[in-house]
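Given next, in structure tokens, is a single chain: the form predicted on its own.
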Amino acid sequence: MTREDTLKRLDEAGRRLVGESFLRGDVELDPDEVAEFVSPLPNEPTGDLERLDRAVADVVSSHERYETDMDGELAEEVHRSLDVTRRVAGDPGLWHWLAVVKYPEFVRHRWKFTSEAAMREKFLGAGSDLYSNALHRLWWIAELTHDGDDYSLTRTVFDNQTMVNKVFDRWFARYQPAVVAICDELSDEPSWVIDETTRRFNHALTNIQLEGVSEVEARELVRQIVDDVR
């Protein structure tokens, strides 16, 4: 039976508990102090947190620090474990709670501390920036690339960090037909083709209404750009 744990959010005021020592992993937060700033999400969506706990623990224990292939192994489990709509996933507080309260060890295991600003983004990013928060990016990329129970395109995307960087840091990254088309069409291309094609694709979409572009039309546009780039 699937567990139904109530998902929570870290309130805005709770962000002030996250200092550089926490980001570096030198200190952990006092659970009693954090609890004051944690509350259920509106309408109390649920998730199977026991399943997600196991998945995170398995990934952390089976990978060296900062290995990028942790993303591909965990994304499907993050997506399957959280029973949330895109509207709920747009609440930054959910991802701040998961990163700061539930899984800080994963965030630090996956991402090297290079600066306070960069690490703060991995814990406290989210919202309109798909690429920032360490858990938020996994859920959203899986959400935009899975097809029912088929997560093969999700795994393909995470096997290529150039694809992750160049597609999901663009403004069109929330429009699923464009994301599926460009990820699928570029899956076998070298990094330099992905880099230049996503740049030109992004520019081309500035001249047309994105919501009016079908997946078929997006694929045709990508193919034309790839032919020009080569």
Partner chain sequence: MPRETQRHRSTIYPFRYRDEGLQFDVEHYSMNGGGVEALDLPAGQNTIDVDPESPSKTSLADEPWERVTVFGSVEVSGDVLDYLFPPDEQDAPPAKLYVAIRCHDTIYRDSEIIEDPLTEPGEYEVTIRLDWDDFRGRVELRPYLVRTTDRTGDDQYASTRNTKVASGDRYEVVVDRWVDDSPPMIDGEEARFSKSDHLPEGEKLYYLDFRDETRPKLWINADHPRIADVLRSEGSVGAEPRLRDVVLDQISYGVWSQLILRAAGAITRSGDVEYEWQETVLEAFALDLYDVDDIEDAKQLLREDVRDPEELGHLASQIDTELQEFIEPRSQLINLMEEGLRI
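Positions refer to the first chain, counted from 1. For clarity, every value in this text was computed on a predicted model and none was experimentally measured.
FYI, the form predicted together with its partner chain isn't displayed, but the following is about it.
Student: Taking its partner chain as it sits in the predicted complex, is Pro92 near enough to touch it, meaning that at least one heavy atom pair lies within 4.5 angstroms?
Tutor: Close contact exists here: in the predicted complex, Pro92 approaches its partner chain to within 4.5 Å, heavy atoms only.
Student: Considering only heavy atoms, tell me if Trp140 and its partner chain come within 4.5 Å of each other in the predicted complex.
Tutor: The answer is yes: Trp140 has a heavy atom within 4.5 Å of its partner chain.
Student: Give a yes/no on whether Arg219 approaches its partner chain to within 4.5 Å in the predicted complex, heavy atoms considered.
Tutor: Residue-level check for Arg219: no, no contact with its partner chain.
Student: I'd like to know whether Leu17 contacts its partner chain in the predicted complex, with contact meaning heavy atoms within 4.5 angstroms.
Tutor: No - in the predicted complex, heavy atoms of Leu17 and its partner chain never come within 4.5 Å of each other.
Student: Exactly one stretch in 148-156, 121-129, 69-77, 99-107 has heavy atoms within 4.5 Å of its partner chain in the predicted complex; which is it?
Tutor: Residues of 121-129 come within 4.5 Å of the partner.
Student: Using a 4.5 Å cut-off on heavy atoms, which residues of 211-226 contact its partner chain in the predicted complex?
Tutor: If the 4.5 Å heavy-atom criterion is applied to its partner chain in the predicted complex, 211-226 yields Glu211, Gly212, Val213, Glu217, Glu220.
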